[in-house]
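One chain comes next, on its own, written as structure tokens: the form predicted alone.
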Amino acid sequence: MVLENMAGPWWRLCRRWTATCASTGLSETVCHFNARSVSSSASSLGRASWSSGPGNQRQPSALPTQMNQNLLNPTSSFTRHESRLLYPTLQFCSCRAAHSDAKLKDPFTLAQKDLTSLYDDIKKELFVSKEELKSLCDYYFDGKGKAIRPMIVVLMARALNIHSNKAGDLLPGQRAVAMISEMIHTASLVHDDVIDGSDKRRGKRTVNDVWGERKAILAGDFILSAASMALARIGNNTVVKVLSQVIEDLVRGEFMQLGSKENEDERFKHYLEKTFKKTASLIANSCKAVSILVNSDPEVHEIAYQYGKNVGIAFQLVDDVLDFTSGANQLGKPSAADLKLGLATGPVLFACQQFPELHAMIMRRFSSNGDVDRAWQYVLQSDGVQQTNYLAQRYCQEAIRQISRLRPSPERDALIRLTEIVLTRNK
């Protein structure tokens, strides 16, 4: 059954996914695909169950037919297969038990060598003579971040290089994309902290709290400008176009976050589209960029893009869950931060079905006295956290399905392993 044939409100559609996920463990999926990988080869791309469509590098997806198919781009006509680009397919991967002697590689260990000089390289890009500006720009590049995005990029690059019958070593342009992805991400954090008025980030004071909002905005702008210059030096116009889309998506996603949808069905779509633009677009397009540098096949580009998109959305869904289940010590930021900012994330939207009182709170962005505490309690009393976790699991299963079409390699297997880490992290 494909997405377009599903009827009913969007939240019910999500519940159908998540209910099925409850009986389909990710570990089964990992085991199944790891066993299959022995017989995988590049020739399998010709028998793919989907095909890439036009314009995918600029548009994340079309929506289900009955839910305004042209919402993302009213001037475009979408084909049936394109509705899979933002939402995971409903055709579940076969997850039957399968024996495998292969051990999935730890992504952090495998990528460590490539990331050793990452922050030093970034600081070279940000070199300025003015000491204060240098301190602002270097503040988050202290080597204490998780570096999830550049890690995914270098692993994807090596996996794609091996898939393309080349040596697994990174190309200079691919290494630059990994660095640029972290720079764009960090610049967005600096700006987000100003918009949200945050005073904590990664367990320490934010740039805006230390130096003030004006200087923080300028520092974020400077990091973006340095990333743009590094991007231009790669010398590939297609890569420039793909990564420029990330910056546009970040801005559009931030604007989407400022608004609320009255209609229940539109609200969940709005949430997932915002999640793509603010979080997943950077990972998806960075993965696509490194594929462009080594392979001319659009289907290979799409595999890289789809893996990054699905992992990125799952990562944010889990982050939204952690806002309800982790304390400030684990997250490095205050818990219930999203509610305090007036944001209705996945757990809240799912909880609405059991506690309709949440609808009014969402529309007033939890601004009345006691709204945050009541909403918190409603979410914890509902199955909102569980349903959001199941939805994240579904996205990870789709990421595994996509990346498993590449030729076997330690890096490809590490990317599969990463999906489990995304789902089980606690900070």
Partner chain sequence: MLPAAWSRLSRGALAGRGQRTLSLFSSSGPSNWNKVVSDAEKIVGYPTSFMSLRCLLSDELSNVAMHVRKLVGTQHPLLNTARGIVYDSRNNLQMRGLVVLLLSKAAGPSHTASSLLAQDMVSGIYPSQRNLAEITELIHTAFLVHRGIVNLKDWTVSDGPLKDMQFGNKMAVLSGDFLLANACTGLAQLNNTKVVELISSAIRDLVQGIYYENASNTEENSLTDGVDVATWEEQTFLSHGALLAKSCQAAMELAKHDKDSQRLAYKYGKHLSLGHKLNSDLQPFMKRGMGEPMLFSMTAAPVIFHRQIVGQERWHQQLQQAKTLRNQLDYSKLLAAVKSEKGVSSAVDLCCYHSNKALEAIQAFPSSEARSALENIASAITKF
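Numbering follows the first chain given and starts at 1. This one's a predicted model, so the numbers in the text were calculated from it and none came from an experiment.
What comes next is about the form predicted together with its partner chain, which does not appear here.
Q: Could you work out which of Tyr139, Tyr271, Phe324, Phe222 is the residue within 4.5 angstroms of its partner chain in the model of the complex, going by heavy atoms?
A: Looking at Tyr139, Tyr271, Phe324, Phe222 one by one, just Phe222 meets the 4.5 Å heavy-atom criterion.
Q: Please pick, from Lys340, Lys123, Lys144, Lys241, the one residue with any non-hydrogen atom lying within 4.5 angstroms of its partner chain in the model of the complex.
A: Checked against the cut-off, the match is Lys241.
Q: Given that the partner is absent here, state which listed stretch (243 to 251, 314 to 322, 153 to 161, 296 to 304) has heavy atoms within 4.5 Å of its partner chain in the model of the complex.
A: It is the stretch 243 to 251.
Q: Answer with yes or no whether Met229 is in contact with its partner chain in the model of the complex, where contact means some heavy atom within 4.5 Å.
A: So Met229 counts as contacting its partner chain.
Q: So, in the model of the complex, is Glu266 in contact with its partner chain at a 4.5 angstroms heavy atom limit?
A: Answer no; every heavy atom of Glu266 is more than 4.5 Å from its partner chain in the model of the complex.
Q: With heavy atoms only and a cut-off of 4.5 Å, decide whether Leu258 touches its partner chain in the model of the complex.
A: Contact with its partner chain, yes.
Q: Using heavy atoms and a 4.5 Å limit, would one call Ser117 a contact residue for its partner chain in the model of the complex?
A: Residue-level check for Ser117: no, no contact with its partner chain.
Q: Each of Asp106, Leu110 and His185 near its partner chain in the model of the complex, meaning some heavy atom within 4.5 Å?
A: The answer is no; none of Asp106, Leu110 and His185 reaches its partner chain.
Q: Quick one: which residues from 173 to 201 get a non-hydrogen atom within 4.5 Å of its partner chain in the model of the complex?
A: Sequence-ordered list: His191, Val194, Ile195.
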